[in-house]
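Below sits a lone chain in structure tokens, taken as the form predicted on its own.
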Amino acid sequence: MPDRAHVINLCAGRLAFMLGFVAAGLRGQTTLLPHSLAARQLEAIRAAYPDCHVLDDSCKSDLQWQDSPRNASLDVDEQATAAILFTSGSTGVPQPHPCTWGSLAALGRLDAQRLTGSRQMNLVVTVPSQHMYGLQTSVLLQLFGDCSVHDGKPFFPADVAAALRAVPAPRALITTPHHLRSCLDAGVALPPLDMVLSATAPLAAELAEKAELLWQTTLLEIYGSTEAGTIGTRRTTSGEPWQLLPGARLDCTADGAVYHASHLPAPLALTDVLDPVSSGSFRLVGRAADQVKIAGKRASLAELNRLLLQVPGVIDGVVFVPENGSRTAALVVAPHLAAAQIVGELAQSMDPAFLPRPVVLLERLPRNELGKLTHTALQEAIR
């Protein structure tokens, strides 16, 4: 490892990423985790952190392996900054978020307690390790739980199935709603699954029911953020309420919610609107920015998107408000439909004030590796 203060870890393989991440900690270096591997984003990070070096998958070549105790301790300063993660930019410009080794360790132990019951499990993860959700599942559940992870990051449904068959039971699939839908639509046969875990976007109850029935498994969902990691979890088919992590609490007012958790250095103001159900559970109403007002009427973009995805023949789509726009627009993947047909179908269930115009038909939506649609990507696509 070069003698630098920061390292950008671009490793795609789970083994290489883990090696680089732990080596950086042992050298007292802070790992920078970009939300995107686009050249422009990497250049911006290198400009902001000039005292850095870059690790890629070649870092594991020519290593001399030694046997070591399974439970060897990781001798790092808990107060040291382990990583700086960058938000995805789904609502604007990506923002840096530093995490200490102590906070990541506490989060990893809480996740292991909630998600796996601290029991041994073998994971196949489809999301990049550079994202908080990927870091939690492909790194923290190994370091602070009792999990092992498949080295690859499978993309196509057949590759996901092959990766799952390559690991022994008990096994779990860690993925996103978009990827989950692709696997279900492809109809691939999966080996027995002890758990499916989804995050990064709301999961429709119908999709969760289909996955549990087809794969004979339990599907859990994480609600969280780059800043906090896991905030709540739920079994989607059991109802709307989310369960807070042990010891966490919410302060909800008309102005928003503040999250208190033992793994966070300070209370965190959330950008979402939450409705408390009890001291340990809540309902997710949606993002404050998710509400749109047109012609004196209000609607949730999440609900408008749900109606769009229910149109027969629509494979994928999103409703949003373009910059400087006075009404909604939509990007839609529907190979056998015309835009007018889509609008006509939506008119049966959607208030006319929120009918999207224009409706732009695409071969695929500009989703990133997490299946997210960033603010910038949406604006560029509609232009």
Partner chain sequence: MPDERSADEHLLAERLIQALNLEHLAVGELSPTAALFGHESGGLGLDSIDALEIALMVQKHYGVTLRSEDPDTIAALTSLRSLSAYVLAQRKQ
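Numbering follows the first chain given and starts at 1. Here the rigid core means the biggest group of C-alpha atoms that line up within 1.5 Å when the two forms are laid on top of each other. Here the structure is a predicted model, which is why all the values come from computation and not from measurement.
Omitted from view is the form predicted in complex with its partner chain, to which the following refers.
Participant: If you check in the model of the complex, do Arg249, Asp251 and Val273 all have a non-hydrogen atom within 4.5 Å of its partner chain?
Facilitator: The answer is no; none of Arg249, Asp251 and Val273 reaches its partner chain.
Participant: Out of 276 to 284, 107 to 115, 158 to 166, 133 to 141, where are the residues with a heavy atom within 4.5 Å of its partner chain in the model of the complex?
Facilitator: It is 158 to 166 that comes within 4.5 Å of the partner.
Participant: Of Thr200, Ser182, Ser103, Thr236, which one comes within 4.5 Å of its partner chain in the model of the complex, counting heavy atoms only?
Facilitator: Contact with its partner chain in the model of the complex is made by Ser182 alone.
Participant: Of His97, Lys210, His260, His178, which one comes within 4.5 Å of its partner chain in the model of the complex, counting heavy atoms only?
Facilitator: Looking at His97, Lys210, His260, His178 one by one, just His178 meets the 4.5 Å heavy-atom criterion.
Participant: So, in the model of the complex, is Leu74 in contact with its partner chain at a 4.5 angstroms heavy atom limit?
Facilitator: No, Leu74 stays farther than 4.5 Å from its partner chain in the model of the complex.
Participant: Although its partner chain is absent from this view, report whether Gly28 comes within 4.5 Å of it in the model of the complex, heavy atoms only.
Facilitator: No, Gly28 sits far enough from its partner chain in the model of the complex that none of its heavy atoms falls within 4.5 Å.
Participant: Verify the contact flag for Arg357: yes if a non-hydrogen atom of it lies within 4.5 Å of a non-hydrogen atom of its partner chain in the model of the complex, no if not.
Facilitator: Arg357 belongs to the contact set for its partner chain.
Participant: Verify the contact flag for Ile315: yes if a non-hydrogen atom of it lies within 4.5 Å of a non-hydrogen atom of its partner chain in the model of the complex, no if not.
Facilitator: Flag for Ile315 set to no.
Participant: Core-aligned, does Ala12 move its Cα 2 Å or more between this form and the one not shown?
Facilitator: No, because once the rigid core is superposed, the C-alpha of Ala12 moves less than 2 Å between this form and the one not shown.
Participant: What happens to the Cα distance from Arg327 to Ala204 in the model of the complex: does it get closer or farther than here, with a change of 3 angstroms or more?
Facilitator: The answer is closer, because the C-alphas of Arg327 and Ala204 approach each other in the model of the complex by 3 Å or more.
Participant: Given a CA distance change of at least 3 Å, are Glu345 and Pro202 closer or farther in the model of the complex?
Facilitator: Farther is correct, given that in the model of the complex the C-alpha spacing of Glu345 to Pro202 is increased by at least 3 Å.
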